[in-house]
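Next comes just one chain, in C-alpha coordinates: the form predicted on its own.
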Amino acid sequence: MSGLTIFNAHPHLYWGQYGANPDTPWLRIGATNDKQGFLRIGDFEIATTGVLGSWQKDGRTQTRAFPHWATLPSNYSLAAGRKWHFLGAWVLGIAGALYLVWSLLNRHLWHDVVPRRAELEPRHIWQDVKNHARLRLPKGEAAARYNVLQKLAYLSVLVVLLPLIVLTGLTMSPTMDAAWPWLLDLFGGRQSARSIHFLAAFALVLFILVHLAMVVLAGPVNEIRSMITGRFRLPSENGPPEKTP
(Lines give C-alpha, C1' and ligand atoms only; values in the text may rest on other atoms or scores of the structure.)
Protein backbone atom coordinates (compact mmCIF):
# COMPACT_ATOMS: atom_id res chain seq x y z
CA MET A 1 0.00 0.00 0.00
CA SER A 2 2.87 2.40 0.73
CA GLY A 3 4.42 1.37 -2.59
CA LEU A 4 1.24 2.46 -4.38
CA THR A 5 1.55 5.85 -2.69
CA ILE A 6 5.09 6.15 -4.07
CA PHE A 7 3.90 4.97 -7.51
CA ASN A 8 1.23 7.70 -7.51
CA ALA A 9 4.02 10.31 -7.58
CA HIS A 10 4.91 9.19 -11.11
CA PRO A 11 2.45 6.56 -12.41
CA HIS A 12 4.61 5.43 -15.33
CA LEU A 13 6.93 2.45 -15.73
CA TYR A 14 9.90 2.23 -18.11
CA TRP A 15 12.59 -0.21 -19.21
CA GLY A 16 16.23 0.81 -19.29
CA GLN A 17 18.39 3.43 -17.65
CA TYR A 18 16.16 6.47 -17.91
CA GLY A 19 12.53 7.44 -17.53
CA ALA A 20 10.84 10.85 -17.39
CA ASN A 21 7.71 12.61 -18.66
CA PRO A 22 8.89 12.96 -22.29
CA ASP A 23 9.80 9.25 -22.53
CA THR A 24 7.35 6.56 -23.60
CA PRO A 25 6.45 4.23 -20.70
CA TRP A 26 5.48 0.61 -21.15
CA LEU A 27 2.79 1.08 -18.47
CA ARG A 28 0.87 4.19 -17.51
CA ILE A 29 -2.13 4.81 -15.26
CA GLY A 30 -3.71 8.23 -15.63
CA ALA A 31 -6.68 10.34 -16.58
CA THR A 32 -7.69 12.31 -19.67
CA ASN A 33 -8.42 16.03 -19.63
CA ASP A 34 -12.09 15.25 -18.98
CA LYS A 35 -11.09 13.07 -15.99
CA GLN A 36 -11.64 9.67 -17.57
CA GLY A 37 -9.32 7.07 -16.00
CA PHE A 38 -7.28 4.68 -18.12
CA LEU A 39 -4.66 1.94 -17.86
CA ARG A 40 -2.28 1.81 -20.82
CA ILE A 41 0.14 -1.07 -21.42
CA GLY A 42 2.11 -0.45 -24.59
CA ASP A 43 -0.50 0.35 -27.25
CA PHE A 44 -3.28 -1.42 -25.36
CA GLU A 45 -5.58 0.81 -23.32
CA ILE A 46 -8.63 0.11 -21.15
CA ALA A 47 -10.97 2.52 -19.38
CA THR A 48 -10.64 2.36 -15.58
CA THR A 49 -12.77 5.29 -14.41
CA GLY A 50 -13.91 4.74 -10.84
CA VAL A 51 -11.08 2.30 -10.08
CA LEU A 52 -7.75 3.60 -11.44
CA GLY A 53 -6.72 7.01 -12.68
CA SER A 54 -10.00 8.72 -11.84
CA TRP A 55 -12.13 7.98 -8.77
CA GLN A 56 -14.38 9.62 -6.21
CA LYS A 57 -13.59 10.64 -2.63
CA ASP A 58 -15.99 12.66 -0.51
CA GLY A 59 -17.99 13.51 -3.62
CA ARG A 60 -14.98 14.93 -5.47
CA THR A 61 -13.18 13.40 -8.45
CA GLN A 62 -9.54 12.53 -7.81
CA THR A 63 -7.09 11.86 -10.65
CA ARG A 64 -4.31 9.87 -9.01
CA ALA A 65 -3.42 6.38 -10.25
CA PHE A 66 -4.44 4.29 -7.24
CA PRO A 67 -7.42 5.25 -5.01
CA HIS A 68 -7.11 6.31 -1.38
CA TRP A 69 -8.36 2.99 0.04
CA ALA A 70 -5.43 1.15 -1.59
CA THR A 71 -2.62 3.45 -0.41
CA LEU A 72 -0.78 4.15 2.83
CA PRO A 73 -1.36 6.85 3.94
CA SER A 74 -4.81 7.25 2.42
CA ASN A 75 -4.13 10.91 1.65
CA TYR A 76 -1.37 11.56 -0.85
CA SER A 77 1.99 12.13 0.85
CA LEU A 78 5.12 10.90 -0.89
CA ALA A 79 7.26 11.56 2.21
CA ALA A 80 4.94 9.57 4.51
CA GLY A 81 4.62 6.80 1.91
CA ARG A 82 8.40 6.46 1.73
CA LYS A 83 8.67 6.27 5.53
CA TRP A 84 6.04 3.51 5.71
CA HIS A 85 7.73 1.72 2.80
CA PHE A 86 11.15 1.71 4.46
CA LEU A 87 9.60 0.46 7.71
CA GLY A 88 7.90 -2.36 5.81
CA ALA A 89 11.17 -3.15 4.04
CA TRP A 90 12.97 -3.65 7.35
CA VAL A 91 10.17 -5.87 8.69
CA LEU A 92 10.17 -7.93 5.48
CA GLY A 93 13.96 -8.17 5.34
CA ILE A 94 14.52 -9.16 8.96
CA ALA A 95 11.60 -11.59 9.12
CA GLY A 96 12.57 -13.12 5.77
CA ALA A 97 16.20 -13.56 6.79
CA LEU A 98 15.26 -15.22 10.09
CA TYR A 99 12.80 -17.53 8.34
CA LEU A 100 15.37 -18.50 5.70
CA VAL A 101 18.11 -19.22 8.26
CA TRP A 102 15.78 -21.29 10.45
CA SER A 103 14.40 -23.19 7.45
CA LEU A 104 17.92 -24.06 6.34
CA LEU A 105 18.98 -25.16 9.82
CA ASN A 106 15.98 -27.47 10.35
CA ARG A 107 16.01 -28.50 6.64
CA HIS A 108 12.37 -27.46 6.24
CA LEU A 109 13.04 -26.15 2.74
CA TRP A 110 14.66 -29.39 1.59
CA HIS A 111 12.20 -31.78 3.23
CA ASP A 112 8.93 -29.91 2.69
CA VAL A 113 9.29 -27.28 -0.07
CA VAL A 114 11.74 -28.48 -2.74
CA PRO A 115 9.83 -30.77 -5.16
CA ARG A 116 11.07 -34.30 -5.76
CA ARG A 117 11.97 -35.39 -9.28
CA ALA A 118 8.89 -37.59 -9.62
CA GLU A 119 6.64 -34.67 -8.63
CA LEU A 120 8.00 -32.55 -11.48
CA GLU A 121 6.83 -34.97 -14.16
CA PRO A 122 4.33 -33.18 -16.45
CA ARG A 123 1.72 -35.88 -15.83
CA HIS A 124 1.96 -35.40 -12.07
CA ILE A 125 1.75 -31.60 -12.29
CA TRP A 126 -1.18 -31.73 -14.71
CA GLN A 127 -3.09 -34.05 -12.39
CA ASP A 128 -2.54 -31.63 -9.51
CA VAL A 129 -3.74 -28.74 -11.68
CA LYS A 130 -6.94 -30.64 -12.51
CA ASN A 131 -7.53 -31.51 -8.86
CA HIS A 132 -7.23 -27.86 -7.85
CA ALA A 133 -9.46 -26.71 -10.72
CA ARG A 134 -12.14 -29.14 -9.52
CA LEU A 135 -11.54 -28.13 -5.87
CA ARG A 136 -10.55 -31.69 -5.00
CA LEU A 137 -8.41 -30.91 -1.99
CA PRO A 138 -6.12 -33.56 -0.45
CA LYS A 139 -7.58 -35.83 2.23
CA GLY A 140 -6.05 -38.00 4.93
CA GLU A 141 -2.27 -38.13 5.20
CA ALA A 142 -1.87 -36.30 1.87
CA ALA A 143 -3.32 -33.15 3.49
CA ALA A 144 -0.37 -33.01 5.90
CA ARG A 145 2.13 -32.57 3.04
CA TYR A 146 2.54 -29.86 0.41
CA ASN A 147 1.43 -30.88 -3.07
CA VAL A 148 3.60 -30.01 -6.05
CA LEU A 149 1.72 -26.79 -6.88
CA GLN A 150 2.15 -25.57 -3.32
CA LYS A 151 5.83 -26.42 -3.41
CA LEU A 152 6.38 -24.60 -6.70
CA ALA A 153 4.41 -21.58 -5.47
CA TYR A 154 6.25 -21.36 -2.13
CA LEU A 155 9.63 -21.93 -3.76
CA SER A 156 8.92 -19.22 -6.36
CA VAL A 157 8.06 -16.76 -3.59
CA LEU A 158 11.06 -17.65 -1.41
CA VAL A 159 13.81 -17.83 -4.02
CA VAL A 160 12.47 -15.58 -6.80
CA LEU A 161 9.89 -12.96 -5.78
CA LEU A 162 11.20 -11.94 -2.36
CA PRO A 163 14.86 -11.68 -3.44
CA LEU A 164 13.76 -9.70 -6.51
CA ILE A 165 11.74 -7.29 -4.37
CA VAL A 166 14.67 -6.72 -2.00
CA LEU A 167 17.37 -6.37 -4.67
CA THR A 168 15.31 -4.15 -7.00
CA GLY A 169 14.37 -2.00 -4.01
CA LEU A 170 18.05 -1.53 -3.23
CA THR A 171 18.75 -0.74 -6.89
CA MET A 172 16.38 2.24 -6.73
CA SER A 173 18.46 3.78 -3.93
CA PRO A 174 21.19 6.20 -5.18
CA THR A 175 23.22 5.42 -2.07
CA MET A 176 23.15 1.69 -2.78
CA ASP A 177 23.96 2.32 -6.45
CA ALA A 178 27.08 4.16 -5.35
CA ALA A 179 28.08 1.38 -2.95
CA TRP A 180 27.03 -1.55 -5.18
CA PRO A 181 27.05 -0.33 -8.82
CA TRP A 182 26.69 -3.92 -10.01
CA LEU A 183 23.00 -3.71 -9.05
CA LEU A 184 22.39 -1.35 -12.00
CA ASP A 185 24.13 -3.78 -14.34
CA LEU A 186 22.21 -6.72 -12.90
CA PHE A 187 18.79 -5.20 -13.61
CA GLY A 188 19.64 -3.06 -16.62
CA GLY A 189 19.15 0.30 -14.95
CA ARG A 190 17.11 1.89 -12.19
CA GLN A 191 13.94 2.19 -14.28
CA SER A 192 14.05 -1.50 -15.19
CA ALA A 193 14.52 -2.30 -11.51
CA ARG A 194 11.45 -0.16 -10.71
CA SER A 195 9.37 -2.08 -13.26
CA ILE A 196 10.54 -5.46 -11.94
CA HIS A 197 9.87 -4.28 -8.36
CA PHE A 198 6.30 -3.34 -9.34
CA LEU A 199 5.63 -6.65 -11.14
CA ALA A 200 7.15 -8.77 -8.36
CA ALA A 201 5.08 -6.95 -5.74
CA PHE A 202 1.84 -7.61 -7.63
CA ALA A 203 2.82 -11.24 -8.17
CA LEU A 204 3.28 -11.51 -4.40
CA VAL A 205 -0.16 -9.94 -3.82
CA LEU A 206 -1.68 -12.47 -6.25
CA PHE A 207 0.03 -15.31 -4.36
CA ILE A 208 -1.39 -14.03 -1.05
CA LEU A 209 -4.92 -13.79 -2.47
CA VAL A 210 -4.78 -17.33 -3.87
CA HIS A 211 -3.22 -18.57 -0.63
CA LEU A 212 -6.03 -17.04 1.47
CA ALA A 213 -8.67 -18.46 -0.86
CA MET A 214 -7.20 -21.96 -0.47
CA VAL A 215 -7.10 -21.55 3.33
CA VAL A 216 -10.82 -20.71 3.29
CA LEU A 217 -11.62 -23.69 1.03
CA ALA A 218 -9.51 -26.07 3.15
CA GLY A 219 -11.15 -24.96 6.41
CA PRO A 220 -9.92 -21.69 7.94
CA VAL A 221 -10.33 -22.72 11.60
CA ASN A 222 -8.26 -25.88 11.22
CA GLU A 223 -5.67 -24.18 9.02
CA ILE A 224 -5.14 -21.09 11.17
CA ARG A 225 -5.12 -23.13 14.40
CA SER A 226 -2.41 -25.35 12.96
CA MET A 227 -0.28 -22.28 12.09
CA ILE A 228 -0.53 -20.95 15.66
CA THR A 229 -0.51 -24.12 17.78
CA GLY A 230 0.89 -26.83 15.49
CA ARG A 231 -2.24 -28.96 16.02
CA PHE A 232 -3.75 -30.05 12.70
CA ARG A 233 -6.76 -32.27 12.05
CA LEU A 234 -6.33 -34.42 8.97
CA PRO A 235 -9.35 -34.12 6.65
CA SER A 236 -10.65 -37.69 6.55
CA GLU A 237 -11.90 -39.18 3.31
CA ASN A 238 -14.83 -40.65 5.23
CA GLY A 239 -16.21 -39.55 8.57
CA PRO A 240 -15.03 -36.79 10.92
CA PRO A 241 -11.53 -35.27 10.73
CA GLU A 242 -8.72 -37.29 12.25
CA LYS A 243 -6.86 -35.63 15.12
CA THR A 244 -3.07 -35.55 14.87
CA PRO A 245 -0.51 -34.21 17.32
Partner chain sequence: MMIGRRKLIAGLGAGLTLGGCQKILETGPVDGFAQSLDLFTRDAQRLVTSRDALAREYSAAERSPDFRANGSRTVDTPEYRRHLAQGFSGWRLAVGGMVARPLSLSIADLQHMPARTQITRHDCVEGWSAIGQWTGTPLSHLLKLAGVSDKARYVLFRCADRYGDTPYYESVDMIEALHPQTIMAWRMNGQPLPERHGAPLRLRVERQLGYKHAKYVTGIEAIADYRDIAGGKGGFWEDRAGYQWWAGI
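Positions refer to the first chain, counted from 1. On a predicted model such as this, the values are computed, not experimentally measured, just so you know.
The same protein also has a form predicted together with the partner chain, omitted here; what follows describes it.
Discussion item. If the cut-off is 4.5 angstroms on heavy atoms, which of these, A218, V51, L27, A201, is the one near the partner chain in the predicted bound form?
Written reply: Exactly one residue meets the criterion: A218.
Practice prompt. Name the single residue among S156, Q127, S74, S103 that comes within 4.5 Å of the partner chain in the predicted bound form, judging by heavy atoms.
Written response: None of the other options qualify; the answer is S74.
Fill in: All of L87, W90 and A133 with a heavy atom within 4.5 Å of the partner chain in the predicted bound form
Every listed residue reaches the partner chain in the predicted bound form, so yes.
Worksheet item: So, in the predicted bound form, is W69 in contact with the partner chain at a 4.5 angstroms heavy atom limit?
Response: Residue-level check for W69: yes, a contact with the partner chain.
Discussion item. Against the partner chain in the predicted bound form, would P122 count as a contact residue? Criterion: heavy atoms within 4.5 Å.
Written reply: No.
Worksheet item: Is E45 close enough to touch the partner chain in the predicted bound form, meaning at least one heavy atom pair within 4.5 Å?
Response: No, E45 is distant from the partner.
Worksheet entry | Contact of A20 with the partner chain in the predicted bound form (heavy atom, 4.5 Å) | The answer is yes: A20 has a heavy atom within 4.5 Å of the partner chain.
Fill in: Contacts with the partner chain in the predicted bound form, stretch 178-217 (heavy atom within 4.5 Å)
Residues within 4.5 Å: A178, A179, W180, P181, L184, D185, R190, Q191, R194, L209, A213, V216, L217.
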